[in-house]
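The form predicted alone is given below as one chain in structure tokens.
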């Protein structure tokens, strides 16, 4: 059987003061006719990355408004996740693609997971490419099947898209962060939905943390809280460009010699490439005592990430490809000045010069870092505008509302 993810409870009422009474009332109204509907989320991992963070909140909130909702994890060995990591990269533009043998592995594990699915569900939501083939073998277990894409498909390698389009087309609906990500082969498909993701403002990673608590946590990891701190929180992945962040930091220290850098990330179970890139990043730092490279195996959890983001004088997300960039949303929510790559879903969140800065090179990132640190008033204004943009557009109740609208539409 697929592995069930154990979850705590959450109450929609707790979010009213953040999202507003109007949003909560609309959620309640839409949820009424859907009470008792069985909803299943299927993903590759319950740990590391934006998908799992979203589901740890979304699933309990779906339960709170009356739906019988579960979250299950697919099964797979290292050979499968090696292939799907390559698939992930190729869908984001890497010229390498899966071999014939790797596609056979992909189909094999999707077939096994489809056979392992049990129960009858009103809505089955399959997240990302790893389990996309499940509907083909398990369609009788779900009334409505939805595929949710969380990655940047704006410039994909054409080979994997051609291979996956027939599988995606079998779904009753497909959900994308942006219209630019929808492959040309799905144009005219009536089930295409555009829904940006969101963060949980009450989770340990995003809840309000006092300045003293943030400072205390950062000091435990060797940060001098009396000196400026630049921080990027993300997976250790070439698309997140931590090496480019180190280059930006080194350029900025020419004018700001006391600057420190923290690269903070988590190692996900479906990302075998992560350890190799973590090693490369560590070597590139060249034992600089002012560069801290940390992950969940250094006891960096949600509270620690919150502390680093809250303590940082500048937050960065210098992605080369980015489906959406929830770490950008997290930084905006904490009122920190954010400098991020002008790619993917990041420009949805940052209005350049108003709620942060968009950059394309390490040199631009360094220039903006120096500008913000030399003008504290600018940093505060960017932080305030960024938080309000996150509050209005990218909190979980809005995401729940979008899902309820989709369920209502599919039910007719």
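Residue numbers count along the first chain shown, from 1. For clarity, a rigid core is taken as the largest C-alpha set superposing within 1.5 Å between two forms. Keep in mind the model is a prediction, meaning the values are calculated, not measured.
The protein also exists as the form predicted in complex with uridine-5'-diphosphate; that form is not presented, and the subsequent description refers to it.
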item: Any non-hydrogen atom of residue 235 within 4.5 angstroms of uridine-5'-diphosphate in the predicted complex; value: yes
item: Residue 240, heavy atom within 4.5 angstroms of uridine-5'-diphosphate in the predicted complex; value: yes
item: Any non-hydrogen atom of residue 305 within 4.5 angstroms of uridine-5'-diphosphate in the predicted complex; value: yes
item: uridine-5'-diphosphate contact in the predicted complex: residue 174, any heavy atom under 4.5 Å; value: no
item: All of 200, 393 and 396 with a heavy atom within 4.5 Å of uridine-5'-diphosphate in the predicted complex; value: no
item: Proximity to uridine-5'-diphosphate in the predicted complex (heavy atom, within 4.5 Å), stretch among 166 to 174, 257 to 265, 278 to 286, 139 to 147; value: 257 to 265
item: Listed residue (341, 325, 131, 337) with a non-hydrogen atom within 4.5 angstroms of uridine-5'-diphosphate in the predicted complex; value: 325
item: Candidate from 292, 127, 135, 205 lying within 4.5 Å of uridine-5'-diphosphate in the predicted complex - any heavy atom; value: 205
item: Stretch 43 to 80 - residues with a heavy atom within 4.5 Å of uridine-5'-diphosphate in the predicted complex; value: 53
item: Flag for residue 321, CA shift 2 Å or larger between the shown form and the other one after aligning core; value: yes
item: C-alpha of residue 97 off by 2 Å or more between the shown form and the other one on rigid core; value: no
